[in-house]
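Heads up, the chain below is alone and in the form predicted on its own; it's given as structure tokens.
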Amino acid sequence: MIFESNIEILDSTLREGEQTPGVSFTIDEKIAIAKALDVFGVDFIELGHPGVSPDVYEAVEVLNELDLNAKKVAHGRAVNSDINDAVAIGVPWMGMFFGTSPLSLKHKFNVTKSEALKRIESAVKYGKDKGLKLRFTAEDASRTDIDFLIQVGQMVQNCGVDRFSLADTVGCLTPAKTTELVSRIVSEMDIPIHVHCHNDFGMATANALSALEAGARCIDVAVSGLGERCGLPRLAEVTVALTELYDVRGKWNLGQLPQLSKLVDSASRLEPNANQPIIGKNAFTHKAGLHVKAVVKEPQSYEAISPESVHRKRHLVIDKYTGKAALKNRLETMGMSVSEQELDTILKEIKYHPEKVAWEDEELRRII
């Protein structure tokens, strides 16, 4: 049973949505989208990850100044620099994340479970000492050992975290598995549970609704299902399903959906069906720097199935979300070797051109 008084919607169009390959919103577009989301009636709006690039930092600053009813959230890693960004901008909430699965611990961080707990604890305490409201996300929670996941959740709860979020990072959950996972975590925790579902197998909306049935408080969505690879649950599908199938009388202005979708579709300039599971153009395309860095080391870090199994190829996008590891990998595949200083200079040039949604090899050669 879904208790409508507890349901909250977090929209991630401006953050995860901009991680869609080929998408880069202007600040004016982000302002228009944020205002439209607020009129629609979402509870949280993720403004972006300030540490990504100068234009994202500026956008988060501008968006944070808007007079919105929705709670404003900055996205960031469990590191002091990202926490300091959120504090400097003055965003009330920070969505802090750290990968907890064996793949994440080994290939992203090269740490043991105990070392991971210490890093998470330190970051959470630092953020709370700075006065932030925190939602801690266990990235790749769906592939994390359940006992360790509970240990992480209870530890961050004891450190003062306000919300605990479970991320199905590669979209490998089913509705039944989602129910089992969320029910167990809800029974072990005293703070509200959020769920972040990906659509790699086309089950993001079903899994999100199952999470609410199992006792989750808040689910992440995006307009038109934007997001890495195959994206997130669609705002329209989730809110209309809750209204019509579950008889939930939310505060959502459903009549706003066509206008909101048209606004985001126009700003994203995304090809039709680009993020369709399995066969869409973006299904095996990785964009965010942290994602690409991990995929280069171990593709399973952000892929539930290999592209080769369905006769597809993996693509790694270079744009403003790119990190040093991803850029270095691309240059090496081009047969080019650069110094660390040159790498920093090239990366800075890329991040100062947010309008470019994909840097081709020849363009990178021209920079060098």
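The structure presented is a predicted model; accordingly, all values stated were derived computationally and were not measured. We number the residues from 1 along the sequence you see.
This protein has a second form, the form predicted in complex with ligand COA, left out of what is shown; the following refers to that one.
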Item checked: Stretch in contact in the predicted bound form with ligand COA, which is absent here, among 203-211, 92-100, 259-267, 238-246 (heavy atoms within 4.5 Å) -> 92-100
Check: Taking heavy atoms only, is K30 within 4.5 angstroms of ligand COA in the predicted bound form?
Finding: no
Next item on the list: Find out whether any non-hydrogen atom of T20 is located within 4.5 angstroms of ligand COA in the predicted bound form, and reply yes or no.
Entry: no
Note to self: Residue-level question: is D11 within 4.5 Å of ligand COA in the predicted bound form, judged on heavy atoms?
What the structure shows: no
Notebook entry, point to check: Taking the shortest heavy atom distance, is K320 within 4.5 Å of ligand COA in the predicted bound form?
Noted result: no
Next item on the list: Check each of K108, K71, R217, R143 and return the one that places a heavy atom within 4.5 angstroms of ligand COA in the predicted bound form.
Entry: K108
Notebook entry, point to check: Which one, R77, K128, K281, R234, lies within 4.5 Å of ligand COA in the predicted bound form by heavy atoms?
Noted result: R77
Item checked: Non-hydrogen atom within 4.5 Å of ligand COA in the predicted bound form for each of H49, R119 and E139 -> yes
Check: Who in 12-27 is close to ligand COA in the predicted bound form, meaning a heavy atom within 4.5 Å?
Finding: R15, E16, Q19
